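Take a look at this one chain, the form predicted alone, written out in structure tokens.
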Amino acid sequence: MKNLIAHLENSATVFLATHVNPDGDALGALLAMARALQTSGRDIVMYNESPIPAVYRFLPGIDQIAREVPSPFDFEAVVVLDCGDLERVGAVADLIPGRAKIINIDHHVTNTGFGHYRLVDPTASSSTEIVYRILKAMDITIDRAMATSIYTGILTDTGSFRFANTNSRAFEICAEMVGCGVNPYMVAQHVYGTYSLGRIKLLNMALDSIEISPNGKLSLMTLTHAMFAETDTQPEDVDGMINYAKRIEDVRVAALIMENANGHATAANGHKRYHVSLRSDGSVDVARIAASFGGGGHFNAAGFGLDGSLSELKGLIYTIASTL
């Protein structure tokens, strides 16, 4: 951590990015780190390729996240948060010049070890927890805005302290953040208390799409471009839906196949691009399964992308069920 912090402290300009289709941990880590650097006198640019999910738009500084890459791209430090590999940031990965010093902050066990400086801890509850440690090591005073982002990142990535990645540090840090002015009720209302009508309709379609493997150990949920179009929703509205499929009795692994939101063919053979999310009941290492398809993640939550037809992809997912 010492070299990572030294480079941050010696960098006047910092570019910060996190993965496409960001979740609460990605945004919490991004916003907390960016504000800490900004209040320390550094010029920062926050970037994310995807639209920001509506439930996180309450976070302080969220409107400062850019969706366009600055030109020229000239930063002394590039901080990549909550990404198992550099490509998870999207198209900007190809635009980062080779001379840029990349800082890799993550908690995924499948992290590829990219970057010049790395702080990757799979035992951490979240990437936001790791950012908290960095801020403490840099002797930065955590204000209410940073605290709100840190609290939200840990709360969401632990599933409100229900997931296996919940540890004592998660509770301790969140308690400290409440002491810094965070209102837990307000955060919960934004993250869990309000949904658009379109999201409710999309959830209904997602539930109707659920299929169960012949051995009953795998559930499969499907979301297509047509569903998004009919409900006027976006991929960010999907957050948490896979958990309904995971909670079905006797299911060990839940899979969510989501079609590329624009509905266009992306591969040379005319096939479409799909993202597959995997969730485990705790008895199956889905990170290992995802890694076999070029993806990654955690023991209980992972994902990967594939090109193909929907029927072919479903058949591939069902081969997983036979190994459970």
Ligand code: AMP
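Not measured: the values here are computed from a predicted model. Position 1 is the first residue in the sequence shown; the rest follow in order.
The same protein also exists as the form predicted in complex with this ligand; that form is not shown, yet it is the one meant from here on.
With the partner omitted here, the residue from 236, 76, 85, 121 that has a non-hydrogen atom within 4.5 angstroms of this ligand in the predicted bound form is 85. The shortest heavy atom separation between residue 48 and this ligand in the predicted bound form exceeds 4.5 Å. Looking at residue 280, you'd find every heavy atom of it more than 4.5 angstroms from this ligand in the predicted bound form.
The closest non-hydrogen atom of residue 302 lies within 4.5 Å of this ligand in the predicted bound form.
Of the heavy atoms in residue 35, none are within 4.5 Å of this ligand in the predicted bound form.
Heavy atoms within 4.5 Å of this ligand in the predicted bound form are found in exactly one of 62-70, 293-301, 35-43, 48-56, that being 293-301.
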